[in-house]
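Just one chain is shown here, as C-alpha cells, and it is the form predicted alone.
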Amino acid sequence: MEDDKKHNHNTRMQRKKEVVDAAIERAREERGIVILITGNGKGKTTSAFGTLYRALGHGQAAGVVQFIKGTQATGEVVFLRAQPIVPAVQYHAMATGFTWNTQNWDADKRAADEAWAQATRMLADPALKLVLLDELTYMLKYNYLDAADVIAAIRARPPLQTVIITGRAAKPELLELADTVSEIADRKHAFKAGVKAQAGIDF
C-alpha cells in the first residue's frame, strides 16, 4: 500500500514536471510587462513593494510614484529610505495624501498632475527596469487623470520596463492593458472588527 502511494505520487510529480517544463519552453519572449494588483482586500501595496525589493536585489533601478498615500509614513517607504540602495530608486509621493481627507478638487487635481508628471518621466526612462504606480486606480476612478493618456504613456514605455499598478476598482482599460492581473479578495479584515490599524502590519 505504501509503495503504491509513493508510485502514484512520483507519477503525479513527473506529469507536473512535464507540464512546467513545457510552459517554460514556450515562454521565450523577453519584454517588460504590466502587472495590475487590484481588489478590495489588504496587501496590494505590500505585494508591489515586495516585487520592488526583488528588483533592487538584482541590482535594477526603479521608480515609485505613490498616489493617495503621500502624507502617511508607511513602513515600506521608511525602510526604503533607510537603505544605502536608495539612490537606485526614484521616489515621488502625491502631496495631498488621501483625497477624501482634503475634499478639495483643485488641490487634489494639481497634486495628481504633478505626480503624473513624475510618473511619465519615469515611464520614459529606459534606465528604470521597474516603475511602481501605487494607487493609480483612484486617479482614474475620480477622474483626476485621463485614462487614455495614462494607457498611452504606459504603452509607450521602454520595451524592457515593467510597470506595477495597484489600487481598487481598476478600470476595464487597465484590465485589458495588463499582462498579469491579481485580484485580492476581502474575506475578513481585523479593522472591520474594531481592531486598530497597527504599525508594521497595516502601514
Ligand code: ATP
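Numbers follow the displayed sequence, beginning with 1. Bear in mind the structure is a predicted one, so any value in this text is a computation, not a measurement.
What comes next is about the form predicted in complex with the ligand, which does not appear here.
- With the partner omitted here, the stretch from 38 to 46, 169 to 177, 53 to 61, 142 to 150 that lies within 4.5 Å of the ligand by heavy atoms in the predicted complex is 38 to 46.
- Not one of Arg81, Trp116 and Ala124 places a heavy atom within 4.5 Å of the ligand in the predicted complex.
- The closest non-hydrogen atom of His189 lies within 4.5 Å of the ligand in the predicted complex.
- Contact annotation: Ile201 falls within 4.5 Å of the ligand in the predicted complex, judged by heavy atom distances.
- Scanning 120 to 138 for heavy atoms within 4.5 Å of the ligand in the predicted complex gives Glu135, Tyr138 in sequence order.
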